Structure formats: C-alpha cells, structure tokens
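Presented as structure tokens, the chain that follows is alone, the form predicted alone.
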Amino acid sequence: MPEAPFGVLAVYPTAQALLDAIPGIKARGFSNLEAYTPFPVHGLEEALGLKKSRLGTLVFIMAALGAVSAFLFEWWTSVVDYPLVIGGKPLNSWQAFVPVMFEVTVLFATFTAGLAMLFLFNKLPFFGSPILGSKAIRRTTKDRFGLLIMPVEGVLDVEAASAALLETGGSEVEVLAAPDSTPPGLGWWFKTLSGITAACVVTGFGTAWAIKIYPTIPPMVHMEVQPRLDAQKADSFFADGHGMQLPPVGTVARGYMPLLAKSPEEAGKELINPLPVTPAVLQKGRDLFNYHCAVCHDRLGTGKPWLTSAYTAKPANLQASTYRKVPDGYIYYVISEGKGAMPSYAADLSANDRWAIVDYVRALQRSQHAKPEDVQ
C-alpha cells in the first residue's frame, strides 16, 4: 500500500469563505483539518473542533510558582540567612519583595510560554514541514487563507479530498508529499551547529565593535546633545549672564508659603501656628514626630538619641525650660531650616505637617511638666 501524503491543501479568498467551507468538508467525511491564516480568525478553532489550548493554564501555574519561589527566596534571605533591620521595618517587609516577585513571575511565564509552545504543543523543532515548500505558503502569510486535509490513521483519499476543497470554494489545490522521516545525519548537524556558532561569533564581535565606536558615532545624538540650561551655570541668554533667575518682583507663591524669616528668633516673633489643637492634629503630629524626630530626640523629646555612641551630635532636649519658653514659630523654623547637625525637613514635611509636630511637641512638654489644673 503506497504511503499516504502529508495532505491536500487549497487556498480560499476570504476568512468567511474558509469558515463556510469547513462544515461542508466535514460533512464529506474529512475530520483531520488544519487552517493557515495571515491573522487570527474569530471562530476558527470552534469550526475545526480544536480543544482549548492548555498553554494558558500551564503559564498561569508556572507564573504562580515563580512568584512563590521569589517570595520564599527573599523571605529566607531577609529573615533567616542575612537578617538586617533597615529603618526600623520588620524583617519580613513583603512590600519590598514585590518588584523581584514581579520580575521572576514574568520570567517563569515567558519561558514557559515559549518553550511549551515550541517543544510540548507544536512538537518543534520540525524543519521539514511540507507546508513550508508549498505554493500556497506565500499567499497564506499575506492575504489568502489555506485549508489542509490530512490523513486519518494513515489513510487519505486524495481525489475525494481535492474534490471537496474545490466544491467548497477552494482553489490552487496541491497534494503535499509526506516529509522524509529519516533522521538528519552528521552532515546536517554539522552545518546547523556551524551556522549557529557563526551567528553567535558575528553577533558578539559586532556588539563589541559597536560599543567601541559608540563614543565616536553615538546614535540618536539629538537626544544626547541638546540645548539646556544647567543650574549654577552662566548663560548668555539673560541680560545678567546668570542661568538661574529670581522670580519677577511681585510674584505670588501658590501652593506653599515661603519662609521669609532669617532666624529662629525672627520666626518666633512673626509666625503664628495656624492649626487648632485637636485630637486629629495631635495624632498626626505624634505619628510624624515618632517617624522623623524620635530617633534623635526620644519619644518624649528628652534629647536622648536611640543611636549608638558613634552618633556624636547632641540633639536638643525639648523638655528643657529654654524650649518650653520659645514661641511656636521658633520650633517651626528649626524644623523647616534645620539647626546644627539637624537637617531641614521642609522637603519631607508640608507646612501643616510641621505645624502639627509643633502642636505635639507642646503636648509632650505639657505632659512632662503638668500643673495641678491640668489633671483636674
């Protein structure tokens, strides 16, 4: 008995013509069908009777495995193998693990999708597919749609298959011979590996030379070299020759109030705390004080830092009579501009946040120096 061909292939002019032909061909007793289209065709899988791909499920499982593996690795590193307390945060700070978990999830999912599709579901590498040598391959990768009738259990009536394709609107019918099942010899493997090796060598040396000539011939030079005004640099555009300019006279600040005082004493005379002393304000001030200030000033403001003896600065004792007597504006200025070893917190705290800390400092001072009327 002669060997059955790989299949009988025909070309259809439109996607709808392809979909309409499939039921008619199945009605003629041909069930092993495969379609080739230049773009996805909605409903084609159902028409061919293909089962839902298991690729999505496999990718989801491996992606979840990647996320769990990354979390466990980071947890073990941070909690068990090399625990470090950073900023007072717990060792198992899972929020910091998310970026690595995301990357490993994508890595596992991508490799699973690619490798499973090629080797598990598509049974690749298969370099001898008769479809690649067919006349229709150019058309079906451009603007036509191919339908292939393949043998069932090694049996295919070529004449009946050709007639079925023609009767359902197909054209350019061709019989594809079965591929040579002889495994490739040593010569084929030598040529293949030599080609891969040559491609890697050319790519490697090409990349090395591209890196070397980059300083001389930089790509996208219009993005790397462009006119810009650098801070603290002279510039001929302005009449005074300075790159940085002061705001025009009469400019009104929006969104913040500039601190015009030049010293804590001046701020104490000019500034008034705009925030009322309410439980909400005090709670906010307490949270901010404990987060930003307590490490140096202690939770009670006694000036006893939590740091080791390597920290040689001497934080102010906010419970001292000197600081109990200064106006609110004095403390606000120090928080805003810094003093001594204390840096400015203006970039980290809004004006209202700084005033809330001032209110809380007053509450701390009063709690440690309460008067009889305070406990009535």
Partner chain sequence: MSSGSGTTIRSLLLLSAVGFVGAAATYFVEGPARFWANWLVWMVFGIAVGLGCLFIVALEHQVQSVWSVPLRRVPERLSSLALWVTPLVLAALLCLPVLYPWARPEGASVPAIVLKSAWLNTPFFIIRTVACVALWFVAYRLVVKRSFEQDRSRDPMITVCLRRHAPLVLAIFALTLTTVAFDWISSLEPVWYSDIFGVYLFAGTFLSGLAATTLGTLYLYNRGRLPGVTEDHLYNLGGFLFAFTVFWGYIAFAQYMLMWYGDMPEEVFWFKQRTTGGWLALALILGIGHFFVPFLALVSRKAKISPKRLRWVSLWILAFMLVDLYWLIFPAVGAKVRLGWPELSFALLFLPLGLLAARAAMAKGEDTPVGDPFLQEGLEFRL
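Positions refer to the first chain, counted from 1. Please read all numbers here as calculations on a predicted model, not as lab measurements.
Another form exists, predicted together with its partner chain; not displayed. Remarks below refer to it.
In the predicted bound form, at least one heavy atom of K89 sits within 4.5 Å of a heavy atom of its partner chain. Not displayed here, its partner chain is approached by H42 to within 4.5 Å at the level of heavy atoms in the predicted bound form. Residue contact with its partner chain in the predicted bound form: F119 places no heavy atom within 4.5 Å of it. Shown alone here, P274 lies farther than 4.5 Å from its partner chain in the predicted bound form, counting heavy atoms only. With its partner chain left out of view, the stretch that reaches within 4.5 Å of it through heavy atoms in the predicted bound form is, among 92-100, 108-116, 252-260, 167-175, 92-100. Taking a 4.5 Å heavy atom cutoff to its partner chain in the predicted bound form, the one contacting residue in 50-81 is F60.
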